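In the block that follows, a single chain appears as C-alpha cells, in the form predicted on its own.
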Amino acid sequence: MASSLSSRRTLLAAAGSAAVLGATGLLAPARAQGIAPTRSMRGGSNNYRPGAPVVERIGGGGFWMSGTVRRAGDGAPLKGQRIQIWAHTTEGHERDPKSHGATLTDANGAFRLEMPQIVPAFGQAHGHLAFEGDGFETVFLRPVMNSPRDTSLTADFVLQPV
C-alpha cells in the first residue's frame, strides 16, 4: 500500500509540475531565433568601386583582412561569394584603384585577403568591405581597428536573401 501511495504522489506531483510548466510555455521545445542579417555601416560605401577585380593579394601585403559570409536565418555558410576590400594603407589611399581588390569565399564561407598595412585616415585606422553579388542584399562594412599597429582585421557578413 505504501508503494502505491508513493507512486500516486509522484505521479500527481509530476502532473502538477507539467501543468505549471505547460501554462508558462516552458514545455515547448526550444527554437533557434535565427541569425539576423548584417546591416550596412555608415561610411562603409565610401570610395567603393563596383566590380573590383578578384586578386590574390593587394599590393605588397603584410596585413590580413578576413571573415565569414553566412545566410541570414539559418546561418549556413555561403561559398563563392564576392567580397570587395579596400582601405587607406601604407601603399595608397582608399580611393586609389590599386588599394581595391576582391576575393571569394571558400566552402566554409570564409575569406582572407592579404594587403598592405592599414593606416589611420580621418583619425581612425579602418577597412572597408562590401558584399557584391546576386540573390542577397548589398552590405557595406567599415570596421575600425583597435590599434593602428594591428596586423589583421576581421569582419563577418550575414546576408539577407532578396
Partner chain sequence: MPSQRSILIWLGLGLVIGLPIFVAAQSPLLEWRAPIYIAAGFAGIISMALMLIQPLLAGGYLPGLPPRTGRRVHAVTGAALVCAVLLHVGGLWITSPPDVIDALAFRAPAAFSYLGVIAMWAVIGAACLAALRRKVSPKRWRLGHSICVTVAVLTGVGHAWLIDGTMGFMTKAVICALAVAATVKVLSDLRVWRLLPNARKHR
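Numbering follows the first chain given and starts at 1. Note that the coordinates shown come from a computational prediction; the quantities given were computed from them, not determined experimentally.
Only in words, not in the display: the form predicted together with its partner chain, which the text now covers.
In short, of 118 to 126, 98 to 106, 57 to 65, 133 to 141 it is 118 to 126 that has heavy atoms within 4.5 Å of its partner chain in the predicted bound form. N47 belongs to the set of residues with a heavy atom inside 4.5 Å of its partner chain in the predicted bound form.
In the predicted bound form, at least one heavy atom of T89 sits within 4.5 Å of its partner chain. Interface membership of H93, defined by any non-hydrogen atom within 4.5 Å of its partner chain in the predicted bound form, is confirmed. Its partner chain is not drawn, but in the predicted bound form it has a heavy atom within 4.5 Å of G43.
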